[in-house]
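One chain comes next, on its own, written out as structure tokens in the form predicted alone.
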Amino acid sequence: MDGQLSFTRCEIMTILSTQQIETFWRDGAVVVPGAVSEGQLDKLKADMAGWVEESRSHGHAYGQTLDGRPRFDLEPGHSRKVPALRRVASPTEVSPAYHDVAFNAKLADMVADLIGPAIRFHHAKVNSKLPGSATVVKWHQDFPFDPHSNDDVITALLFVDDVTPDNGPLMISPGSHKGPLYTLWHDGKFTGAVSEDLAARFERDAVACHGPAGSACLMHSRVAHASSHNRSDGPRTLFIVTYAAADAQPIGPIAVPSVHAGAMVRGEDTRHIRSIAFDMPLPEIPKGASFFVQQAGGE
């Protein structure tokens, strides 16, 4: 490992290579270019810019998702002058551009290469770290937030902006998807993060995932990951879509509800459920706008 997963802008590929597939199953994540077209990317950027501009007129989380929680989450310190929009929940419901990418872009074809041919949409969100953002994502696995009957579940993180070593890139612990599911509960409270001892261990062998806008990090739902704050003067925005194999059925409520949950993205519904053995406590759905509140010690 050289401490990063990256590539040059000159590489072009339309489907995953054997090497990329092997990297994913070995490390638990792989960064690939060309997950969307330039036109699709431009539309994502335009909608995000519009949401950031709109957020200037709000002092608290706003909008509404299916379960009544706010759609747009604002980081503490957000202001009209220095906006800090950090989460848009279920953007596929309010943006044709984000819906198009989730269902029609190469991004979904790449996921199908790994857990297909039949895959479902589970949920989507936008996580953004605007310039000067203090948002830090603590070490965790995604599967304990959204358990399924089996773990053929992928978090696809599309880079809406260039992701660099300085603007808070995703960091993974390579191979951790092959290990146990770690509890996110501590002292009777759902914290959304692993213990401090585990976090220190993951930090020691962390690999950063970065690359130009339009690339994607395809991440196994069991791989441990985190990210630091944005130290740059540019934004770091990710469109995050969780896809599951058609025979992986959700267990429990969806943390980010969507009218599109369960919709087939590739292939056909076989109406079949495949299960694997695992043991874990049920997660707790945040009462606030996002899991950022849980990780910060709130609800």
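What you are looking at is a predicted structure, and each value in this text was computed from that prediction instead of being measured. All residue numbers refer to positions in the sequence shown, first residue = 1.
Not pictured, yet referred to below: the form predicted in complex with a small molecule.
By the 4.5 Å heavy atom rule, the three marked residues 45, 100 and 215 all fail to count as contacting the small molecule in the model of the complex. Note that among 119 to 127, 173 to 181, 71 to 79, 104 to 112, the stretch whose heavy atoms approach the small molecule to within 4.5 Å in the model of the complex is 119 to 127. Residue-level contacts in the model of the complex: of 154, 209, 206, 137, one residue has a heavy atom within 4.5 Å of the small molecule, and it is 137.
This chain appears without its partner; in the model of the complex, the one residue of 246, 36, 32, 240 with a heavy atom within 4.5 Å of the small molecule is 240. Within this chain, residue 227 lines the site of the small molecule in the model of the complex, having a heavy atom no more than 4.5 Å away.
The closest non-hydrogen atom of residue 87 lies within 4.5 Å of the small molecule in the model of the complex. Looking at residue 142, you'd find a heavy atom of it within 4.5 angstroms of the small molecule in the model of the complex.
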